[in-house]
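The data below hold one chain only, encoded as structure tokens and taken in the form predicted alone.
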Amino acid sequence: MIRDYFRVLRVDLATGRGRIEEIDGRDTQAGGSGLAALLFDRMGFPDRGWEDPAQPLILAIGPLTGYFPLMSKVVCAFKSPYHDQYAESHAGGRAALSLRFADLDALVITGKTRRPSCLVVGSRTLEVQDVPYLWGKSVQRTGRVLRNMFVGSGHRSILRIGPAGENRSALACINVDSYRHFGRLGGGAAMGAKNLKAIVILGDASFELPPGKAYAPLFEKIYGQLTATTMMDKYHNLGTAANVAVLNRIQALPCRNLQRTSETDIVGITGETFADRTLLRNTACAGCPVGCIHLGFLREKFKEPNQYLYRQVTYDHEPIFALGAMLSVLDPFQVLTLLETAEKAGLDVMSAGVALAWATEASDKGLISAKETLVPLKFGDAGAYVQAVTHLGLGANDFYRLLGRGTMKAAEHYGGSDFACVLGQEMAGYATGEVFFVSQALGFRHSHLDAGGYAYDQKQKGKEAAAAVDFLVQDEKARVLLTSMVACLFAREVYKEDLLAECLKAVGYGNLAETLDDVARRVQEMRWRIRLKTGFVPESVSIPNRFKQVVTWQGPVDAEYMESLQQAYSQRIREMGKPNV
């Protein structure tokens, strides 16, 4: 139903009770990122720690969810265990459509249960079930049990954590419907701190499609752009794994803990090799016709002759970079094995891979030994890394528990801060140059998707800090608008502002459609205001020396230019996040 307010289910885990709240702000916040910020601003506690049971865990969708293709994401907002500041993480799967079918714009979870629990919500359902028998179980085992407990159609979504989240690792993710994740900044630990093993969203209601003549032809037009043109071919065919060979060719692929930016034997883990040797099938998030999720296979032989078990493991560029190139693991099946191990533990694979790359170089330099790592770490030794990933997820000793708080935390204790590949959090898989490094280091989510800094590095002419920062601010604003809808960012070349306005009018949100630029700016500023209020100091962000030693196709990184970028971007962040008068 189209409405000019948000319908929010607020659940207190301590009591097991919830209530529906109708919250104004549709025409000013849109949904998604804007709604999550609005809810945290009202219900969060900037001065309390991330583990405080009163801190909210927020799931929010947008006004176009369920109505148009690729409006398939959910924004998860929380106070991050990584830096104890306001954070967002985004994921696809079925969660967005499940929330729409449950007639909810957002779910806000506060409190803490006494025992490990599963929260079940729907349009007619709210219960908190004790599930102590799932505590300590892998993400996969938990998913199998919950699917049998809560049998449902494609409108059911299951979110769960693994041992890493239970152990409150800042590298822990939330698995969404097996193949998608709220990956970055420790959402899994935010759930673990609430003794919340899983969330099951039952899309047990229905919703009407918009009346009038505008909606159906507009849907067909957009569907055609996404499926009958070449606009989305990259994502369906090789997927983002195609970036591995491209970035390697231009010396912009982080390899061997960023000791170099290309690998002579990279062919073993390119997107082409994964497709030729490992690809089992493609799948998609609910409401998406593209099919960008690539599932590779691992084969395990049984004792009986000619009997095999096939296991499906997702891959794309960032996981291949993190558990492949960064560790010098150059066999696709070894990378898939590492990815599966991280999945079982409930670890963000990007952070896990970068953390272990630092640990390997620290071992090479004698800063740590097998006493800390429990298994000797050597670049290229996939078998050792399988054990290390498991130890990291379990927090097997003091070293792994400290590393689980973030690579820089471990580096500050053991040494090696200069080669810790951390840009606010463990880096993403791009070593394109100064603009990207500053963009991720200072960006709101410390994510490569905050703004296209990696693209700017490849297209820029000259080194003008003001122009680069203008680009980052404007590009972030455009992406914030999409994440308030909440659209998959792969569709950003399709869903430009004019088309978004047309979509909103066709659905019935005419007022919102008329003010999209103002909405995007307002949400962008509000997010920065909350981030600064919870402790972010952009001027204090330190970019490790390793990034100043990088050499790309353009030559050595210009440290002076990078410093000027950081100063200029810090100033703009302060301007965007200044308190309302």
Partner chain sequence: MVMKILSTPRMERCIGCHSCSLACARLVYQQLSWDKAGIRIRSTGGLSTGFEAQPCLACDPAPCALACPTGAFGQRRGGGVVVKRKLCIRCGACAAACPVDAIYLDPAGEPFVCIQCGRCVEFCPHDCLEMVEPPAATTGDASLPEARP
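Positions refer to the first chain, counted from 1. This structure is a prediction, so every number in the text was calculated from the model and none was measured.
If you look for the form predicted together with the partner chain, you will not find it shown, but the lines that follow are about it.
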>> How about G203 - does it come within 4.5 Å of the partner chain in the model of the complex, if we only consider non-hydrogen atoms?
In response: yes
>> Contact with the partner chain in the model of the complex for P544, defined as at least one heavy atom pair within 4.5 Å: yes or no?
In response: no
> Does A284 make contact with the partner chain in the model of the complex, using a 4.5 Å heavy atom cut-off?
Replying inline: yes
>> Given that the partner chain is not shown alongside this chain, does G291 nevertheless sit within 4.5 Å of it in the model of the complex, heavy atom to heavy atom?
In response: yes
> Which residue among R479, K194, R445, R156 has a heavy atom within 4.5 angstroms of the partner chain in the model of the complex?
Replying inline: R156
> Exactly one of F219, F333, F379, W135 has a non-hydrogen atom within 4.5 Å of the partner chain in the model of the complex; which residue is it?
Replying inline: F219
> With the partner removed from view, which of 549-557, 30-38, 66-74, 527-535 is the stretch that lies within 4.5 Å of the partner chain in the model of the complex, judged by heavy atom distances?
Replying inline: 66-74
>> For the three residues R141, Y235 and R260, which mark the spot I'm curious about, does each lie within 4.5 Å of the partner chain in the model of the complex through at least one heavy atom?
In response: no
